[in-house]
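The chain below stands alone, shown as structure tokens; this is the form predicted on its own.
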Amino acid sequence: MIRELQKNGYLYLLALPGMIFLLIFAYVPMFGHLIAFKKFNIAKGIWGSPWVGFDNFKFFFGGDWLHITINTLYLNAMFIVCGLGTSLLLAIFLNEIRLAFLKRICQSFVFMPYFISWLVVSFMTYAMFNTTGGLINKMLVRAGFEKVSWFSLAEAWPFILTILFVWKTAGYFSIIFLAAITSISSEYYESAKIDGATRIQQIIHITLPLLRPTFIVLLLLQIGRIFYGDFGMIYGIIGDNPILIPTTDVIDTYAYRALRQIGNFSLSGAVVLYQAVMGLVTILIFNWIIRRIDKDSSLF
């Protein structure tokens, strides 16, 4: 180790600020998970508060934890599949645009929704789906159909939320895929053209296989947070609507609503620790599967 430090000392010195930042803001806060096993009292602090073992977990596992866990996994699975799939197709489409001016306009157009906050999106969603003057219902009436009470239709909202998620994030992830596509050597495509390959054949046999490592890394990163619901999105759009809660309630919104009245930090810590542990287990399992399929594409 000393020999390695002497050999590449300047490189480790460059990495030092990042490592200190990671240590302070990523590893030190992990000690906060201790409050999940304590009856936290602000006046006594974390170390002064009494230990209660696993009593705080009874709040979560004594309730409707299985239903909201399934909701969380179901919604995140739809977000991951539809989001990454759309981003990949969007990146390939953008790469096929030959006019640079038109390509920049399309990139800006698809990337713009990423900067719109979920609060603004929630107002836009209400303007589109409300029963009395919503845009969707106006279009249905003009087409000769009856109005639909969207905010009373619980089964439709997992799909509506997925559409909104894809609309907002597909442009962001497509830029990552597009950067990976531009790094592919042009010699592959030139060789394929000489062999008479069409653009579709080049995409299928060159672009998609070479994008696999990027796709797997993004997939693993998202799977690592599959037990986390997007609180800003789901609570901003669904709110406390009791009709939609059975199909859209996730762990984060459930904990927020329950703890908003109780105000117990330890119970909240127990829920967060459950999400973190399950996320770690999930990413370890999927990384093991990826290693069995393609060792070079695994994270570790």
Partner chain sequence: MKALETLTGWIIYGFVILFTLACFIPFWMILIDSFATEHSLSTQGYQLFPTEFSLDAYKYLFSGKQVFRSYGVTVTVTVIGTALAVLISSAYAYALAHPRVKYRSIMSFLTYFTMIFGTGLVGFYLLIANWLGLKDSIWALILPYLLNPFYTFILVSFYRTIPYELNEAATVEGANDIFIFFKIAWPLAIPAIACNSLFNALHYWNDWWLALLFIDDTKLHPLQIMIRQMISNINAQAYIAGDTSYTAVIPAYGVQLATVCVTIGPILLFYPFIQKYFVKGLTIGAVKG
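Numbering follows the first chain given and starts at 1. Keep in mind that what you see is a predicted model, and the values were worked out from it rather than measured. Just so we're on the same page, rigid core means the largest C-alpha set that superposes within 1.5 Å between forms.
Quick note: we don't show the form predicted together with its partner chain, though the next part is all about it.
Trainee: Looking at 184 to 192, 117 to 125, 204 to 212, 150 to 158, which stretch has residues with any non-hydrogen atom within 4.5 Å of its partner chain in the model of the complex?
Mentor: It is the stretch 117 to 125.
Trainee: Would Pro242 count as a contact of its partner chain in the model of the complex, using a 4.5 angstroms cut-off between non-hydrogen atoms?
Mentor: Result no; Pro242 lies far from its partner chain in the model of the complex.
Trainee: Does any heavy atom of Thr247 come within 4.5 Å of a heavy atom of its partner chain in the model of the complex?
Mentor: No, Thr247 stays farther than 4.5 Å from its partner chain in the model of the complex.
Trainee: Give a yes/no on whether Ser268 approaches its partner chain to within 4.5 Å in the model of the complex, heavy atoms considered.
Mentor: Judged by the heavy-atom cut-off of 4.5 Å, Ser268 is in contact with its partner chain in the model of the complex.
Trainee: Just to confirm, Phe109 within 4.5 Å of its partner chain in the model of the complex by heavy atoms?
Mentor: Looking in the model of the complex, residue contacts with its partner chain include Phe109, since a heavy atom lies within 4.5 Å.
Trainee: Among Ile97, Leu140, Ala77, Leu219, which has at least one heavy atom within 4.5 Å of its partner chain in the model of the complex?
Mentor: Here the answer is residue option Ile97.
Trainee: Please determine whether each residue of Val52, Lys58 and Trp288 possesses a non-hydrogen atom within 4.5 angstroms of its partner chain in the model of the complex.
Mentor: None of them does, since no heavy atom lies within 4.5 Å of the partner.
Trainee: Relative to its partner chain in the model of the complex, which residues of 16 to 49 have a heavy atom no more than 4.5 Å away?
Mentor: Residues within 4.5 Å: Pro17, Gly18, Met19, Phe21, Leu22, Ile24, Phe25, Ala26, Tyr27, Val28, Pro29, Met30, Gly32, His33, Ile35, Phe40, Ile42, Ile46.
Trainee: When the two forms are laid on each other by their rigid core, does Ile243 show a Cα shift of 2 Å or more between this form and the one not shown?
Mentor: Where the cores coincide, Ile243 shows only a C-alpha shift between this form and the one not shown that is less than 2 Å.
Trainee: Under a superposition restricted to the rigid core, does His67 display a Cα displacement of 2 angstroms or more between this form and the one not shown?
Mentor: Moves: no, less than 2 Å.
Trainee: Aligning on the rigid core, do we see the C-alpha of Ala255 shift 2 angstroms or more between this form and the one not shown?
Mentor: For Ala255, whose C-alpha is compared between this form and the one not shown after core superposition, the shift is less than 2 Å.
Trainee: Compare the CA separation of Tyr27 and Arg260 in the model of the complex with the one in the displayed structure, and answer closer or farther (the difference is at least 3 Å).
Mentor: Their C-alpha distance shrinks by at least 3 Å in the model of the complex.
Trainee: Given a CA distance change of at least 3 Å, are Phe31 and Tyr254 closer or farther in the model of the complex?
Mentor: Pair moves closer in the model of the complex.
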